[in-house]
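For reference, the chain that follows is the form predicted alone, supplied as structure tokens.
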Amino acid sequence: MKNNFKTIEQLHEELINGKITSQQLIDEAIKRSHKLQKECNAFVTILDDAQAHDISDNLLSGIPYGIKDNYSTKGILSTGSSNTLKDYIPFFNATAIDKLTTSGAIPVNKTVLDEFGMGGTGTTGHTGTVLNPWNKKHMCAGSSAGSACAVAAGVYPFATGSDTGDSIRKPAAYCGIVGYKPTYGMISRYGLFPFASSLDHCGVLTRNVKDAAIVVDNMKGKDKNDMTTWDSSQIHLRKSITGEVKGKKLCYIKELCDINNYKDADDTLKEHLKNFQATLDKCQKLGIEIKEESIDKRLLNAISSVYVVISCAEATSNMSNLTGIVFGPRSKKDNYIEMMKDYRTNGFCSLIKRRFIIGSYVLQKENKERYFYNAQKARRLIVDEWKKLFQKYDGVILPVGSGPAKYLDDKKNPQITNIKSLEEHLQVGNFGGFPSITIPNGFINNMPVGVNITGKCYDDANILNIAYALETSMNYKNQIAKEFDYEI
């Protein structure tokens, strides 16, 4: 069967009409999970005993899905892909998971991430590296690597993700699917393992824009347990998708998209930016006005540094409770100081420890002004530049990264100077809390690439509608990684 390759609306209609059953969808998803696990290592836990419920009018009712393993799930192993929580079973659900449960959706697995979301490669989870389903020599990016891999391989129509820098949107691009990060606070973060609280967003990975809207319609809402949430009850994402975009305005940033800014560009980067220009032409044919804008290179070059300083500082604070005393595997050392030292030294991967060191350093009294406060000031300057663009345009459209998924063997990746800003610009969406969506944008070297649209806060419906219209002009909607396009 290939039932889970269909859209959520198609599946709902067939469930209502009795053409398929929810248990059939669940069983298919579980079988595909085991197959994909052997091939790509996408999961921490597979819920073999997942059972169907009665079907309601909710579009998600009876639909199987995956949960990124940094969402708290009551009675289900929730590790954050870290050895420090390798046996942790929570006593409560994240609010977003409770909302999906209320909708009738059925979780069938927990997906691998970079440890606690700190990484962009999908290689630092405690269960091992996640391989790209389009070509297993390539990474999926991260941190939502397992979720992106599973959706791209057709395990189910959607999976949850989290996005602190680009952790939904870049894996989506690398795996040829849709990744949507709503406006900050649209989805409650209660029960999401915190990484950097001012940057963390809950979101979703799907194979088409309308499915992303349907899922987030069910996940969003004000939550008394998360003071950053806001009332989005008057925003109806799926109903707002019409495909009518004539008169809309988008801009792109010259300094990121002009090939002349990359003196040692290889053929892949040249093709990537040429492909992006072709996508701009498609936008114009849809009636969208496209303009070029410039941003001070000093601000663009500061993006990645600002992200590192702020995210590491917040992570150091958020994860100070991971001591091995309250929860997690307890060390057998003689006193609590040695127990904590042993737990944190041996429990975290080297990347995490490096980020904690950076975070601690920039928060030290003698360093705080120079690094942390300056990073906050630069963040504000960057966000203000984007807000100026949103006064004139519905959104900013840009290519995702410098091309398709990188090789897992870094020696095979081209070493191009001056592309840091091109690789990291999606972090601006987290700096400002802006709604941001990545959709598939073709193939380069037989690997998928993506294009991203980011808009002003609370304008999610507009951004999704533009992305939907662009999606309809291309042939990459609902695509499945070819190696996994088979009957189960």
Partner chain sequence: MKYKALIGLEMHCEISTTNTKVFSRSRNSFNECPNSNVRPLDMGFPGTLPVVNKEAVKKALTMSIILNCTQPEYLYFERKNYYYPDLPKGYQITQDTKPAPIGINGQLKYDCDGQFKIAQIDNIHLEEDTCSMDHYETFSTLDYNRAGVPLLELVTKPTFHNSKEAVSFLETMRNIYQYTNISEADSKKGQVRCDVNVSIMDENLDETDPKNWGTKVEIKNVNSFSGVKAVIDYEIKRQIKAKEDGTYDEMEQQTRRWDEETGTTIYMRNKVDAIDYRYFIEPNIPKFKISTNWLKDIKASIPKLAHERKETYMNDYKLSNYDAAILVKEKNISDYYEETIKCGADPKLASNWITSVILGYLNKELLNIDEIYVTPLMLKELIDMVNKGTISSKQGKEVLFKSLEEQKDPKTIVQESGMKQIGSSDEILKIVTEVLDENTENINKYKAGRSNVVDFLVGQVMKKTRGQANPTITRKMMIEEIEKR
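As the structure is a computational prediction, the values presented were derived from the model and not from experiment. Numbering follows the first chain given and starts at 1.
Only in words, not in the display: the form predicted together with the partner chain, which the text now covers.
Residue heavy atoms within 4.5 Å of the partner chain in the model of the complex occur in exactly one stretch of 153-161, 130-138, 166-174, 222-230, and that stretch is 222-230. This chain is drawn without the partner chain; in the model of the complex, the residue among 393, 372, 386, 252 with a heavy atom within 4.5 Å of it is 372.
Residue-level contacts in the model of the complex: of 214, 192, 118, 105, one residue has a heavy atom within 4.5 Å of the partner chain, and it is 192. Contact annotation for residue 271: none of its heavy atoms lies within 4.5 Å of the partner chain in the model of the complex. When contacts are judged by a 4.5 Å heavy atom cut-off, residue 405 does not count as touching the partner chain in the model of the complex.
Taking the partner from the other structure, the partner chain in the model of the complex has no heavy atom within 4.5 Å of any heavy atom of residue 278.
Mapping the unseen interface onto this chain, residue 126 falls outside it, with no heavy atom inside 4.5 Å of the partner chain in the model of the complex.
Annotation for 196-213: interface residues with the partner chain in the model of the complex are 197, 198 [heavy atom within 4.5 Å].
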